[in-house]
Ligand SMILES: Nc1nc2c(ncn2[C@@H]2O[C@H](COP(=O)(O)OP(=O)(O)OP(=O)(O)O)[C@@H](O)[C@H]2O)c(=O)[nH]1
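Let's start with one chain on its own, the form predicted alone, as structure tokens.
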């Protein structure tokens, strides 16, 4: 039985009682919201809001509509990428394994289809595989790439990338960074240095700091968002690997705590498998 089916059956059972319910009788629904990755605080708050919204003669359809409205209200509107005064830099961050490098390649492909001339930048100089993967994507897509040797200074790569973009009329500059664990102090300091170098090279850069989250990350995604946002000032999210059974309800908690919009969703392995985030479509999938 799917998560959404359990949710509907539980709601139907609660509504059918037609009597005031005790806290213990709502616990099953709260557990389901936790299984959807909403997090303890948001699951409890959503449940309280749902209780207050239901009348004695409520139907399952009313309850689902109210729950949908409660969750939809949490997701901030996204006005798209803010890219002005080219070349504009976009800094991509996230832990290893989230699909960050692939997301960059997909977004670059989409931008090229829209008439832009993106530059792919391999600023993860700690892992040979990371730079090689992005370079392979660049070759496959016919896009320019710049990277340095393993062990080099990531900030130097970024500096050279901005020079290259300005001289060749490339825009935007899509920067892949080292992932490791978000709790690694040296990594976060390196990312802050990259951001400082971009700002010194050109005022207002990077124009976007996008955090890539794996749809399967569960509650760990919230911890990742907190550290990266507090360190770098994240401007938006990319939800990768959403072609899986994952609910990715953590987006609601992240939006509630930091008002971070989700900008793109990755839904497959091919270059074209990325699309702008739609809150309505996400809710449809979340509750279906």
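Nothing here was measured: the structure is a model prediction, and the numbers come from that model. Numbering follows the first chain given and starts at 1.
The form predicted together with the named molecule is left out here; the points below concern that form.
Enquirer: Pick from 87, 122, 206, 179: which residue has any heavy atom within 4.5 angstroms of the named molecule in the model of the complex?
Expert: Exactly one listed residue reaches within 4.5 Å, namely 179.
Enquirer: Note which of 152, 199, 76, 97 lies within 4.5 Å of the named molecule in the model of the complex, where distance is taken over heavy atoms; exactly one does.
Expert: Here the answer is residue option 97.
Enquirer: In the model of the complex, which of the stretches 224-232, 33-41, 237-245, 62-70 has residues with heavy atoms within 4.5 Å of the named molecule?
Expert: Only one stretch qualifies here: 237-245.
Enquirer: Taking 4.5 angstroms as the cut-off for heavy atoms, does residue 267 touch the named molecule in the model of the complex?
Expert: Because a heavy atom of residue 267 falls inside 4.5 Å of the named molecule in the model of the complex, the answer is yes.
Enquirer: Test of understanding: in the model of the complex, would residue 110 fall inside 4.5 Å of the named molecule by heavy atoms?
Expert: It does not: once the named molecule is placed as it appears in the model of the complex, residue 110 has no heavy atom within 4.5 Å of it.
Enquirer: Contact between residue 127 and the named molecule in the model of the complex at 4.5 Å, heavy atoms?
Expert: Output for residue 127 is yes: heavy atoms within 4.5 Å of the named molecule.
Enquirer: Does the named molecule come within 4.5 Å of any heavy atom of residue 106 in the model of the complex?
Expert: Yes, residue 106 lies within 4.5 Å of the named molecule in the model of the complex.
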